[in-house]
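Quick setup: one chain, the form predicted alone, written in structure tokens, and binding and motion questions come after.
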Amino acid sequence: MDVARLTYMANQIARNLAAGGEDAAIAATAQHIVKYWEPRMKAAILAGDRSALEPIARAAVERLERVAGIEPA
């Protein structure tokens, strides 16, 4: 999986949901990833470098680690 592309996608999702407020955007971004991304995509974003993730996307990915129990690749 191309982590740079996944990072781009996560940032896009987060930007599109940001209008609802930070907490809601984090929850909605995490939910979108859980619902629509395949397991390999989720594992790759968790295992990849998070420095290019925007704050909402980064918080959503961190939430996935804690709440959804998704393991990095």
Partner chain sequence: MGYERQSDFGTPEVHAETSVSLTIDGREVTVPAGTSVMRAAAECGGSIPKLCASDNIAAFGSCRLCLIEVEGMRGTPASCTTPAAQGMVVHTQTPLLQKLRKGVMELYISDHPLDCLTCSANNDCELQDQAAAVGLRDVRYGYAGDNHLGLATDSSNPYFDFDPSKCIACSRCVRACDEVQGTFALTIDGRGFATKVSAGQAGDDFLSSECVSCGACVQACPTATLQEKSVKEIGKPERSVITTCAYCGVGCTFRAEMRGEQLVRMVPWKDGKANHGHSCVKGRFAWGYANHQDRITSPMIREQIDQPWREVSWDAALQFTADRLGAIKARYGARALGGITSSRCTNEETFLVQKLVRAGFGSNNVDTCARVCHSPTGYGLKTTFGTSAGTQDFDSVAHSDVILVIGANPTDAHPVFASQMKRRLRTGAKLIVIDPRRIDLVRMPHIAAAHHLPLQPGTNVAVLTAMAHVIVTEGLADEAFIRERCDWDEYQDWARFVSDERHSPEVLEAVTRVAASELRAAARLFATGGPGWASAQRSKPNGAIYYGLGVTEHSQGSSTVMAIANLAMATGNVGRPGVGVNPLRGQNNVQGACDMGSFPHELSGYRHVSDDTARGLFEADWGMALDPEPGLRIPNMLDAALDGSFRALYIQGEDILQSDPNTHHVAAGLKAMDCVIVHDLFLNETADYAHVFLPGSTFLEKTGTFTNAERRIQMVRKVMEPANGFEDWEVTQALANAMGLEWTYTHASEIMDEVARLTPSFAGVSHARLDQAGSLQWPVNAAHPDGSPIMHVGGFARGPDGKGKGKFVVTDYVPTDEKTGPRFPLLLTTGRILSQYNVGAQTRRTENTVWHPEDLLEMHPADAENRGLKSGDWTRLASRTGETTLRLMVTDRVAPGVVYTTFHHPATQANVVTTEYSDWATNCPEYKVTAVQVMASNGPTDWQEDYTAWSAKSRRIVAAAEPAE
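From a predicted model like this one, the values you see are computed outputs, not experimental measurements. Positions refer to the first chain, counted from 1.
Missing here is the form predicted in complex with the partner chain; even so, the following discussion is about that form.
The three marked residues, 2, 5 and 12, each reach the partner chain in the predicted bound form, with a heavy atom inside 4.5 Å. Within 4.5 Å of any heavy atom of the partner chain in the predicted bound form lies no heavy atom of residue 47. Residue contact with the partner chain in the predicted bound form: residue 27 places no heavy atom within 4.5 Å of it. Proximity of residue 17 to the partner chain in the predicted bound form falls within the 4.5 Å heavy atom cutoff. Shown without its partner, the chain has 16, 17, 19, 32, 34, 35, 36, 37, 38, 39, 40, 41, 42 in segment 16 to 49 as residues with a non-hydrogen atom within 4.5 angstroms of the partner chain in the predicted bound form.
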